[in-house]
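Given as structure tokens, the chain that follows is alone and in the form predicted on its own.
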């Protein structure tokens, strides 16, 4: 069987317990395409319960960030062992909102990637250029990607989400399929120099029902990382159906 495409959604700081469990239970009861690996990234408060609600469905559950230390005097932080204790499968690292608002750097993201791998979590590292950096996008991506895998070994299961900062959020403009594909190719080349194999790279940045099909068929696009368009289970199902139709 061919490698599945990955279709997931990061929930950011949304959903109370009842909303999240309703989403998970309805997703668990809905159709599944074996050619698609589904994933969701709830807030920390919901990880254990969402993982339990999706047990046996094949849907992977990820955290939205974590600290690089296993324990210690880091008030308010969550460690990789804590995520493992919740049954977490994946962890999103380096989102542009974390870099911008919380001071995350290439160096701290590298530490987090190493910690995730050490504890058996599969990292999804977010990389992307700002609008002002578009003319040097490949150089920006090369720097971010090389740093992220600098402490990872050969064949480490690091994945990337290419999320151009100018495409994220309400009012963002999605990258064209060709532009996204070219940036994904660059990410794979740079990462493979360290990992030995090209990683999976997902596109995120104003993904919606109208553009998901043309994005997913690009040669270097291995999946989609969706925001608000998949925050309802109906929206997520709609994108899953459209992706299934073109696979």
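Remember, it's a predicted structure, so these values are computed and weren't measured experimentally. Numbering follows the first chain given and starts at 1.
The protein also exists as the form predicted in complex with 2-phosphoglycolic acid; that form is not presented, and the subsequent description refers to it.
Only one listed stretch (22 to 30, 35 to 43, 204 to 212, 55 to 63) carries heavy atoms within 4.5 Å of 2-phosphoglycolic acid in the predicted complex, and that stretch is 204 to 212. Across the proposed site, 12, 163 and 169 without exception bring a heavy atom within 4.5 Å of 2-phosphoglycolic acid in the predicted complex. Though the partner is left out of this view, residue 227 does reach within 4.5 Å of 2-phosphoglycolic acid in the predicted complex, counting heavy atoms only.
In the predicted complex, 2-phosphoglycolic acid sits within 4.5 Å of a heavy atom belonging to residue 95.
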